[in-house]
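Just one chain follows, in the form predicted on its own, and it is written as structure tokens.
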Amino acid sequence: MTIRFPSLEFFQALQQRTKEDKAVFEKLGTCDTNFGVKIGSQLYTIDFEVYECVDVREGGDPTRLDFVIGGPTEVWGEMVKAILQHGGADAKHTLNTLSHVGDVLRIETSDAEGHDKFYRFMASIQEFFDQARHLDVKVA
């Protein structure tokens, strides 16, 4: 079944992948955070506990999240396309690169702890997105 990106179904499929590929996430360490992914004007809320994603949903209150990763739909789409093409984000399309080089993606947080959590859990969050390599995704 083809899953459209961006969509709630896409994030639900990634959530399921954290359960199916649990060993990969265990190697990255615990990840306890609730954060947002803002694609254009659409916000998705994602909750991680220990080694897996436990909830995804549309919307949410950004002020109650640890951080929000936000950027244009086109940039997110390019990242997902790179993941599908290379089996994971290439160096130009990682969360780290996109949030630092040219500030293409913005990290929005209300405090230093939220910003720290983005960096502390970045490997797990990147792997969360990289799990798209196992999905049949159509980038809108």
Partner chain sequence: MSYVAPKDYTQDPEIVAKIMRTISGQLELTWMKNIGERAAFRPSQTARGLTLDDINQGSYSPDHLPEIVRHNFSMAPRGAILPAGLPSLGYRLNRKSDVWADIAPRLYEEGKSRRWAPAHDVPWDALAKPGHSEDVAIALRQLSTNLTSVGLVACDTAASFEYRMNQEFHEIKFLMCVQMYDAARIAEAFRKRALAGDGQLGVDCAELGDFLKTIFVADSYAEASVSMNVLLFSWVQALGRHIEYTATNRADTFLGTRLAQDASRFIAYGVAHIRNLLRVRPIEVERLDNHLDLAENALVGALGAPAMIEPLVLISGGFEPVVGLYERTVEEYFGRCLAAGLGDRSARSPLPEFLRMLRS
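Positions refer to the first chain, counted from 1. Since this is a predicted model, take the numbers as computed values, not measurements.
Quick note: we don't show the form predicted together with the partner chain, though the next part is all about it.
Proximity to the partner chain in the predicted complex, defined as a heavy atom within 4.5 Å, singles out one entry of 56, 31, 68, 82, which is 31.
The partner chain is not drawn, but in the predicted complex it has no heavy atom within 4.5 Å of residue 10. Contact annotation: residue 44 falls outside 4.5 Å of the partner chain in the predicted complex, judged by heavy atom distances. Under a 4.5 angstroms non-hydrogen atom cutoff, the partner chain in the predicted complex has residue 116 among its neighbouring residues.
Residue contact check for residue 73: none of its heavy atoms lie within 4.5 Å of the partner chain in the predicted complex.
Annotated contact segment (heavy atom within 4.5 Å of the partner chain in the predicted complex): 92-100, selected among 35-43, 59-67, 92-100, 73-81. Looking at the partner chain in the predicted complex, residues 15, 129 and 133 place no heavy atom within 4.5 Å of it.
In sequence order, 49, 50, 51 are the residues of 37-59 having a heavy atom within 4.5 Å of the partner chain in the predicted complex; the partner itself is omitted from this view.
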